[in-house]
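Single chain ahead, written as structure tokens, the form predicted on its own.
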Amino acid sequence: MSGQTFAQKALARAAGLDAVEVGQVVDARPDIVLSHDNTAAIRRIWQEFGQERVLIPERIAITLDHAVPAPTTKHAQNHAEIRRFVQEQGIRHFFEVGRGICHQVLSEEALVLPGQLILGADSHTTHYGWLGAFGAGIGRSEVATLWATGELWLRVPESMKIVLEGDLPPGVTAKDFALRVIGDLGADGGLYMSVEFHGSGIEAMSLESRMVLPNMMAEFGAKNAWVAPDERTVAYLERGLRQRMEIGDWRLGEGTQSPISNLHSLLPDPDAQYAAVHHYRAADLEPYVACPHSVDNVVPLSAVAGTRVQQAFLGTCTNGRLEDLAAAAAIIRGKQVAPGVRFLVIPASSEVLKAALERGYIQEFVEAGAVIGVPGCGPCMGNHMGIPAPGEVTISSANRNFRGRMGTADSEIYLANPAVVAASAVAGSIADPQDVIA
């Protein structure tokens, strides 16, 4: 048998097999099964199995994040139903309104570890690849099946290797790299593939920057995406584990081995077979913008600079972390949001919000005229907060810009990195941060 990719090793582990072939269908047992506000709908499907108890309460994680606080009676009833279900079933991995977006929260809580399998009723479950895990989005019926059986059939995907060499130039971010890849290869360029990120450019990225890449690969059609975990990843997870008080007081390098260091940290073999390999040089990259109405409609920032905007949105599971807020705060510091523009800032989690408060970023946003939202998804999916009016233009740090994504079909969404979003809020049009700072 030839060398194994990460996806082959991860799904072999999840299926209890020594090895698997690409295209093989395996009966996989995920370590975590994720759902959010859609849990009530999943529960109604699960009830058709005729069970009184879910089979895997210890492996279920539920976060209220998509419409929080509840904007309507219907949403409130939905949340109330979920809370009753959580209590009845003894589900302890439950995160209330205000804790934040599921992908950010489960990462902070260290509920997902390298090499593990997480399946979630959210398309951006690919996010967990930043931890060296196999994360994949699945449908509601599939989640209900997992509640009932603990297992699910999965096809082992082909793999694609994307290599980035060198350090990103100033002003260029992981978001720009992700947009460039999708723009080059198309929104379906990674359809049902496992996308592996390699190279010195990936290794040099901060952890928060790495999170952007597997998250955005959901827009590439990928089944999952993966970044190799390293010592910084382990340190991040140790912090989360200590906060959950599930390990003792120990430190790496003090004679006690981290329980994470040998916990399924699966690396692809040197002779693993890939369906495609793409190489990029960081020095060749620049800030990019995805134009309406497709995420692969990508152009250099300079090509759309000057386009008027009525709304700027900083947040989401893609770019709502402290690093993103810091970049935006540096742009907006001492300035004002342009007349006629709303600047919405929504931290990805309560931890991010607290850190941003401590560092003064929130005060800077408020003083500049921005609007601060409750940690959660906000207007990203178009059913809560910040829905644009017909004819309006939004520049967003989110991951999707198809027609109607933010709730209004007759509006336009441009996607960019956080600094560009903040600069555009100040300028009143899509702007290069360097032009706003100058």
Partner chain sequence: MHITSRAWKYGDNINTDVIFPGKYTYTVTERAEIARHALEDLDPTFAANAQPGDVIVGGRNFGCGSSREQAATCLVYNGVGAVVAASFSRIFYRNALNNGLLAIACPAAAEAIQPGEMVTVDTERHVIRCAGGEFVFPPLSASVMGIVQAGGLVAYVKRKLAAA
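Keep in mind that this is a model prediction, so the values were computed, not measured. Numbering follows the first chain given and starts at 1.
The same protein also exists as the form predicted in complex with its partner chain; that form is not shown, yet it is the one meant from here on.
Here the marked residues 83, 233 and 351 all miss its partner chain in the predicted complex; none has a heavy atom within 4.5 angstroms.
Checking 122, 108, 364, 176 against its partner chain in the predicted complex, a heavy atom within 4.5 Å turns up for just one residue: 122. Site annotation in the predicted complex: the residue of 338, 305, 207, 187 reaching within 4.5 Å of its partner chain with a heavy atom is 187. The shortest heavy atom separation between residue 409 and its partner chain in the predicted complex is within 4.5 Å. Shown alone here, residue 381 lies within 4.5 Å of its partner chain in the predicted complex, counting heavy atoms only.
Contact check for residue 191: a non-hydrogen atom falls within 4.5 Å of its partner chain in the predicted complex. The closest non-hydrogen atom of residue 268 lies beyond 4.5 Å of its partner chain in the predicted complex. Of the candidate stretches 316-324, 234-242, 329-337, 146-154, only 146-154 has residues with heavy atoms within 4.5 Å of its partner chain in the predicted complex. Shown without its partner, the chain has 36, 37, 38, 44, 45 in segment 31-45 as residues with a non-hydrogen atom within 4.5 angstroms of its partner chain in the predicted complex.
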